[in-house]
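Form predicted on its own, single chain, as structure tokens, below.
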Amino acid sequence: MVVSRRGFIATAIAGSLSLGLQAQQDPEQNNHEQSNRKSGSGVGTGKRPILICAGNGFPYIDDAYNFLKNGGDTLDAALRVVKGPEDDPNDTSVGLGGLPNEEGIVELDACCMHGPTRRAGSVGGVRNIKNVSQVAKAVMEHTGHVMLVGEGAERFAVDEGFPRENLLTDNTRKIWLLWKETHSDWWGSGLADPQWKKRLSRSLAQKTANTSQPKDEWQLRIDRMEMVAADLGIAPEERMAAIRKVLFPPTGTIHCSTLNNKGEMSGCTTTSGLAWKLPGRCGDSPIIGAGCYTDQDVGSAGATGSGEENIKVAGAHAIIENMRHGMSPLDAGRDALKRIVRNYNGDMERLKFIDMTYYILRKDGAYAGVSLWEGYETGKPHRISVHDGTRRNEKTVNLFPGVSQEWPPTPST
């Protein structure tokens, strides 16, 4: 759908006003847990075998489920799901066609855990290799290590028979050039910095004393970006989507957890990471215990969203330990989200720039999808995909109402 410049700005401003009101509320008053405990709302108990994954894996779960049902290995089933987005050049958050770092180079991360043998493998910052989830499995199976990164991981992958290929598509190259020419600024204060508002004193926000000025400046920026996009050859109907990726760098990822009839479990997570990141940045996806954790005795969990925040709470591991001590998948996931909230002392002015989704599967087939916010955009909620003989998407249970807001801040914030 083509979004007009005026509509794009209006949506951003409306979302900001809504979040401003939410920031005045007590976080504990913002959950709708009781109303979301019913099946179909991201919480339930499925029959074995069962697999769960992030929403971008939905088109691929039929094949993986049938493989699992017919006796296929649990990790191989999970890899069948995540390979779909890795191979899809139109999925700009994983594998081929993933949005690159600030130098225009696609760097991929992945990890996996095999419950039956209690093994794990991980790779980070891998260039030129598309299916890094399978490389993570190769690290697990063919080395005495758990994690390989960067150039060494790439060489290992080639030695294992994975072909080198250019992961930057023509589409993502043009979007990167648009970012490079109009918005290349990842240096500066992060949300965790006590002086994070220094970010707002740069460029656009220098004129915030006059409330009418930032909107004018914002419109000028959008106009300029549209002209640059046209010069780069980005199709008119794709320009606003490209501009959105530049202004609000996406963090998309895919996780999948599986459980077979024998009670064996596995999990994997794969990503191209945060768009326009500094070269060498690794988020939570390759970190065992953050982006993915599987314990054969308890369950499996994984994450998508703000990788830096998830690393700081070791989210997937925390969820499994919570379930080990008797928490339900829903309560275990919500507790991990609250740890992120705690790290910011409940400061909603900053938490609105953070989002996190956990996908949780317990050994008995109970599952939950939980998220910090309802979604990244109004009308597009976070979803967990489930297959236990019936393929379905379910809305996650959110801690806070409303949608998150992308970082860096815009003049409307």
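No experiment lies behind these values; they were computed from the predicted model shown. Counting begins at 1, following the sequence as shown.
Beyond what is shown, the protein has a form predicted in complex with a small molecule; the following relates to that form.
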item: T253, L274 and G283 each touching the small molecule in the predicted bound form (heavy atom, 4.5 Å); value: yes
item: Contacting member of G98, P85, P329, G305, with respect to the small molecule in the predicted bound form [4.5 Å, heavy atom]; value: G305
item: Heavy atom contact within 4.5 Å of the small molecule in the predicted bound form, the stretch among 229-237, 265-273, 126-134, 318-326; value: 265-273
